[in-house]
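This document starts with one chain, in the form predicted alone, laid out as structure tokens.
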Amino acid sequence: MTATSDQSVSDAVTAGAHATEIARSGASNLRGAAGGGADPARVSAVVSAALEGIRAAIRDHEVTYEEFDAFKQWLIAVSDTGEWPLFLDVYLEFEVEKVAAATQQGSIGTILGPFWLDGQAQLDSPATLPMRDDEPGTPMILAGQVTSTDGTPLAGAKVDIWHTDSDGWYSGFAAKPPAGNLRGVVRCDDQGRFEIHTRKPAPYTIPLDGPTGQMTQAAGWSPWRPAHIHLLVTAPGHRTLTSQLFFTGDPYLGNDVASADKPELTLDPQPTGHGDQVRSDRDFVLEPE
């Protein structure tokens, strides 16, 4: 998904299809969110506010019929490509995450995004993520401990981790990386500690061949996401932590198209003295349910 690779692009239809599968399976369950029936009064309030926001934009910017028709065509294209989950994850999920975070304890999280896949390799710590024999990129260790808010180590906690390769491609969404590449679910030891050996990921753009990317470019916005590692940290009886970890010095920090980067989630990997290998330590605190 980088702008520089000559690999066959993981296009909007592919990304949209995977994101739709996640949405249909109930992505909120991954985050430990509570469900519930719809309150008609709340539906009315939220939908009315959203529609009034659109109406206000039409009035304030004197939208023409030509522009309105172009908007209709864009909505049709989003539907045809299945990009609704991608568009919502990129441009709206971060606000929902802010609302949820206001009442949550434990480590800071961020959005899930559309590139999680179920059924990945189950690994015991210390673990090396599945990768090609000649996997390019800087060797990296991510290590830490998972505890509850009272400091109790969470034995057997799991760290579901996935990220791009050094060219900015996710396995399962592009032809080049093999299935399961740089993805795994790592089980912590009896002190909640984990050590994960992988490769440092690369920045990438959202798919540019679909309506979300085309809208982004038409608006003159950056389509780039800074390099990051995705994590779902889980333990029985605790709220799932959905997070991403970023890297100091990344040129796209502070201009993330998904608005998911946070200073508190930035790593500063340091050399280990073993070739070009680097290491970062990051602990996670989970909130009891």
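For every residue, the number given is its place in the sequence shown, counted from 1. Keep in mind the model is a prediction, meaning the values are calculated, not measured.
As for the form predicted in complex with a small molecule, it is not shown, yet the points below apply to it.
> Report yes if any heavy atom of Tyr204 sits within 4.5 Å of a heavy atom of the small molecule in the model of the complex; otherwise report no.
Output for Tyr204 is yes: heavy atoms within 4.5 Å of the small molecule.
> Under a 4.5 Å heavy atom criterion, is Phe194 part of the interface with the small molecule in the model of the complex?
Residue-level check for Phe194: no, no contact with the small molecule.
> In the model of the complex, does Tyr170 come within 4.5 Å of the small molecule, counting heavy atoms only?
Residue-level check for Tyr170: yes, a contact with the small molecule.
> Is it the case that Pro114, even though its partner is missing from this view, gets within 4.5 Å of the small molecule in the model of the complex, heavy atoms only?
Yes - in the model of the complex, heavy atoms of Pro114 and the small molecule come within 4.5 Å of each other.
> Identify, from the list Leu142, Leu182, Val90, Val159, the residue with a heavy atom within 4.5 Å of the small molecule in the model of the complex.
Partner contact (heavy atom, 4.5 Å) among the options: Val90.
> Which of Ala174, Val146, Leu129, Leu86 has a heavy atom within 4.5 Å of the small molecule in the model of the complex?
Residue within 4.5 Å of the partner: Leu86.
> Choose from 247 to 255, 46 to 54, 227 to 235, 59 to 67 the stretch whose residues reach within 4.5 Å of the small molecule in the model of the complex, heavy atoms counted.
Of the options given, it is 227 to 235.
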